[in-house]
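Just one chain follows, in the form predicted on its own, and it is written as structure tokens.
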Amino acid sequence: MATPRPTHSFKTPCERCPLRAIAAFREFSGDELEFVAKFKSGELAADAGATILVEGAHSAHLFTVLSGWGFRYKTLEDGRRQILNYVMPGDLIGLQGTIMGEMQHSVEALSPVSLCVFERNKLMTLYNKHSSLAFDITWIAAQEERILDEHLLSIGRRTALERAAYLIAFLFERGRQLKLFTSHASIPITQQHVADTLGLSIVHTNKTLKKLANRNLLRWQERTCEVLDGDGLKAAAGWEGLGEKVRPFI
């Protein structure tokens, strides 16, 4: 099993963090930026397929995704997997272990990922001295709950076609906001990832995605899904989009 590897400490200074240039994220105050720079203890790099956090394990660290794509998931004893959500730049992972004592899910890299590393035992200093950053963490947790509500609605009430359209539209919208696409809107997922997210068999998933491809909404390539018409996918799902304009990150 591939695991993350440490990179040089403070390889990316917080003052020159590339995420700060993205309009989707709020700006730090001077005091906040100084604290986060001290809070950060280093960086990790993970190859595609690497396990970043393991369900049931204790971790001494929290992570902010600096670059790349990943996903959170749980598994049953027989190996069946349910993908819960996807992680992208700016997302905070590992917070659950602070509250529960151990991770209740695993996190795997979909693409090469870089992570900012924070010492978990310093989190209370953030809460005690920087109320604005503490609110940001609460906002991030509440946003995750809102996204999971939407995912649950999709799995429980949308048709298979609507589910698939919603998932791809959701990933496309997030990727677009984060400037993750260049000339092509290619999402690094396979049809198996889609099946494990939607709770469908791989055969049903394949047939459903072919219907969306036949509408010229997307195109499947090796281990990637290229979005051809994001608005068309939202219309097929009956989904209005993400909506939020500016969000925090740590």
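Remember, predicted model here, so these are calculated numbers, not experimental data. Residue positions are given as counts along the sequence shown, with the first one as 1.
Not pictured, yet referred to below: the form predicted together with another copy of the chain.
- In plain terms, the part of the chain that comes close to another copy of the chain in the predicted bound form, with a heavy atom within 4.5 Å, is 198-206 out of 215-223, 178-186, 198-206, 36-44.
- Scanning 84, 117, 110, 161 against another copy of the chain in the predicted bound form with a 4.5 Å heavy atom cut-off leaves one residue, 84.
- The closest non-hydrogen atom of residue 144 lies within 4.5 Å of another copy of the chain in the predicted bound form.
- In the predicted bound form, another copy of the chain stays beyond 4.5 Å of every heavy atom belonging to residue 18.
- Interface residue remark: residue 174 is not counted as part of the site for another copy of the chain in the predicted bound form, having no heavy atom within 4.5 Å.
- Proximity of residue 122 to another copy of the chain in the predicted bound form falls outside the 4.5 Å heavy atom cutoff.
- Within 4.5 angstroms of another copy of the chain in the predicted bound form, the stretch 137-170 places a non-hydrogen atom from each of 137, 138, 139, 141, 142, 143, 144, 145, 146, 148, 149, 150, 151, 152, 153, 155, 156, 157, 158, 159, 162, taken in sequence order.
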